[in-house]
Structures are given as structure tokens and as C-alpha cells.
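Consider the single chain below, provided in C-alpha cells and representing the form predicted alone.
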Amino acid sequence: MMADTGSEEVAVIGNTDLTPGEIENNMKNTMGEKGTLLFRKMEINVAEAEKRTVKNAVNMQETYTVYLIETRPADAASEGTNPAPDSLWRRYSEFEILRNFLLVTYPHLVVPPLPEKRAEFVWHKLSADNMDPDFVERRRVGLENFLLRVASHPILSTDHVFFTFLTEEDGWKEMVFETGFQAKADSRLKALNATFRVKNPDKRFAEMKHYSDELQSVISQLLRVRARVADRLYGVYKVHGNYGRVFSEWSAIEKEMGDGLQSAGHHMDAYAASVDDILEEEEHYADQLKEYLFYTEALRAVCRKHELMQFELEMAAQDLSTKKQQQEELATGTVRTFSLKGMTSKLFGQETPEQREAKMKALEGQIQEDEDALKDKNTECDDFVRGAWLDIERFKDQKNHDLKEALISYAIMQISMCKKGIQVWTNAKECFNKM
């Protein structure tokens, strides 16, 4: 929707409502135009992680982790061939550069997040060290998931910089920095300024921003609860090891009851030891929740960009309105509002007709340029809104599916864990019956 260039009213950009049918058709058209998604053409794996130690610029040792990315044509298996994969190593910082590039280049898209750089929401027996092997392994899985998310996106998957990230080890950094994406990034202060000064925020984006804040809060609480439960669960399981020790000691002083007590003690020891595998599996589900915790910031980034574009549009419309008022004042010779120019005219006399004519001509040119620029900005903003809502709808479907599956799987795991506990005590009861 165009801002009215002849009025002080400023329209909210992009208030073009799309029906679900239109959104679905647009998505199909977009995917058709972009061709087959990259993940259907190429197998992508982050196969392993490796710790490396080098000397930095100040001759001090620096330890970091690199990740092996392997790619091969997806149709190789169907054709009966099994070529060796192409492979290259990437640091986590290079993944960060790639994602920052995608954020700047595609501000209207919900760019998939990276896994955490340092462990968050950990229970006390879990290491928060970013070099811990278990943490590095979970981050390897998260980085692979990030690449697959991008490769399955109808727009991001077609990006040349992303493809080069997967296939060319040397020169990639230089190539991505040559795009100048860093200079195009909006500063946080600029975005914050727009948030507080925008006069006509789009209600849909405001609601989406609020929703992302609420979703972040809910998932954070869920992860904290899960960490507390893990702490207590670990203690309960390990205490069962004391049952095992006591039963074993007791068996040593009994003749008829000894074998049964010792067998029951073995079951308790096995039960106590099983908690490590259980909580390791739980971390997998926690990481799935964390992905959507970080997705909330990606949603807010889209909303902040919209606010900034809306604010810039309002400022452009306001500037155009001011120039039109100046044009009217020059044409009529009247000043509608108090200004330094009006005071100057009263003190030193009116401008000559020639001066007024020159100013009128200059203003006409500026007004025409501003009208053209405002028209282009309106078009750009409308395109942003359409693209953003199309991708937000895609993200919603993905989120609903993924979180539903994760919660169901987590519930199944908890049920299985309880059944194992029942089985342990059932076995112990049979041991007692045989005494």
C-alpha cells in the first residue's frame, strides 16, 4: 500500500493480507521457480569433529574444534555407484559468518539458527566446557542440522555462497567478505531507535514479535524444569546403587537367602548405571527444544527489519510532506507555521521573485525525486512483507511438526524409562521369591 505523498498521513507498509490458499500457491510457485531443493540433489553430513591446537599471532597456543563436512550427489546410490564424498573442514566461526551473511542478504526470511556455542540449561553433572567431547558431539549434530535446514529452504538453498561453503575449502572467507555484507548489516542501535519511534507499526509483525518473546520464555522455562528433573533423576537412579551394595553385603551373611539377595543387588546396580544413557538421550530432545529457543531470535530479526523499513518509510513521507509545504509557502508567500525562515523574512524583507523562482524550481526537482524514491520504497516494503509472511507461514508448519514429534518422542522415552524401572523391581521380586 502506497504512502499518500500529498498528505501528512503515513500508511502502514505492506498491509496486504494473504489467504492461506494464496500463501500455499506462492510457496509452490517459489519452489518451482527455484528448482529442486539442494538437499534433494546433495547428501550433506557433518561427519566428525576434530580438536586442533595452533600458535596464534602472539605466539600463544590456541585450541579450537573443526568439523568435517562431507557432500556427495544424492542420486549416486540409486545409480549403483558409491563415490567417495567430497570433504572439507570448517570452524564454528565460519558457520557464524555464513549465517550472518544469510541474515543480511535475506532479511525477510527466518534463517535457521546455529547450535549453542557454549552449553546452556545444563544439569550439574553435565559439563559446560565447550571442548567437552559430549558437547562437541552434540554441536556436530546441531551444525549438520543447520546445514540441512538451509539446504531444504526453497530460497536459501539456492544461494551461491552457501553452495561454495559446502564445496570449496580455500578462498571461501575472502569471497563472502567481498560481497560487502558486513557494511549492509543494520546496527542494533538503529533498529532499537526504529522500534521506539515508528508511528504506525504493522499489527501482525508486532504480534509475531510478542509471540516470539512468549515462545522464548516458555521454552526457557521448559528447559530449566528439565534440567532440575535431570538432576533429581540422576540422584534417584544412583541411590539405587546403594540398594545393590546393601543387598550384596547382606547376601554374604545369609545362606538360604544369599543367592536371591545377590541377584537382586545386580539388578539394582544395572538400574543405577542405566541413568547415564537415559540422560544422554534426553539431551537430544533438549537440543531440539534449544533449536526453537534460538529460532525465536530469528523471528524477532525479521520483525525488527520490518520496523526499521516502516520507520524509514515514515521519515521519507514526512520529509516529502515538509518539502510540499515549503513549496506551497513559496507559491503563496505565506508561512503556515513558525520558522526561522519566516522570522528572517520579517526582519530583512521578502525574497526577490527571481530567488523565489529558483527555490521553487529546486524544490520541484527534489519533490519529484522524493516521490519516486518513496514509491520505490513502498514497493520494496510491500515485497518484504509478502516474502516475510510467506516464509513465516512455512516456519510455522515446520515448528508445529517438529515440536509435536519431539514432545511425543520425549513422552515415549519417559514411558519406556518407567517401564524399565518396573521391570527392575519385578525382577527383584522374582529374586526374593526364590529365596
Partner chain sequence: MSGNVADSAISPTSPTQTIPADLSGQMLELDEDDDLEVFSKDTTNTDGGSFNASMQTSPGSMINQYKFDEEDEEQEPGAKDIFITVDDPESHVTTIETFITYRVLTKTTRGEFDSSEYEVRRRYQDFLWLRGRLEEAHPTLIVHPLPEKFVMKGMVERFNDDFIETRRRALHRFLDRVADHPILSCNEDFRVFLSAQAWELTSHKKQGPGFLTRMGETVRAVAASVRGVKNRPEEFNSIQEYVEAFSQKMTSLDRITQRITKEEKEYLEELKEYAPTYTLWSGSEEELAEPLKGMANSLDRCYQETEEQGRQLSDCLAPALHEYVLCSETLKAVLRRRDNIQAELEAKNEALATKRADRDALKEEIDKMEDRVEWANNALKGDWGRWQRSMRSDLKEAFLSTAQKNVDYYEKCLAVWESFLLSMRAEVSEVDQRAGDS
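All figures in this text were calculated on a predicted structure; none of them were measured in a lab. Numbering follows the first chain given and starts at 1.
The same protein also has a form predicted in complex with the partner chain, omitted here; what follows describes it.
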| item | value |
| --- | --- |
| Contact assignment for the partner chain in the model of the complex, among Y106, F181, Y211, W89, heavy atom within 4.5 Å | Y211 |
| Listed residue that, although the partner chain is not shown, lies within 4.5 Å of it in the model of the complex (heavy atoms), from R204, H267, H240, K305 | H240 |
| Close approach of K375 to the partner chain in the model of the complex, 4.5 Å, heavy atom | no |
| Partner contact for E249 in the model of the complex: the partner chain, 4.5 angstroms, heavy atom | yes |
| Non-hydrogen atom contact L215 with the partner chain in the model of the complex at 4.5 angstroms | yes |
| Distance check, V161 to the partner chain in the model of the complex, heavy atom within 4.5 Å | no |
| Partner-facing stretch of 89-97, 153-161, 229-237, 319-327, counted where any non-hydrogen atom is within 4.5 angstroms of the partner chain in the model of the complex | 229-237 |
| Contact test, all of M257, L407 and N433, partner the partner chain in the model of the complex, heavy atom 4.5 Å | yes |
| Sequence-ordered residues of 377-403 touching the partner chain in the model of the complex, heavy atom within 4.5 Å | K399, N400, L403 |
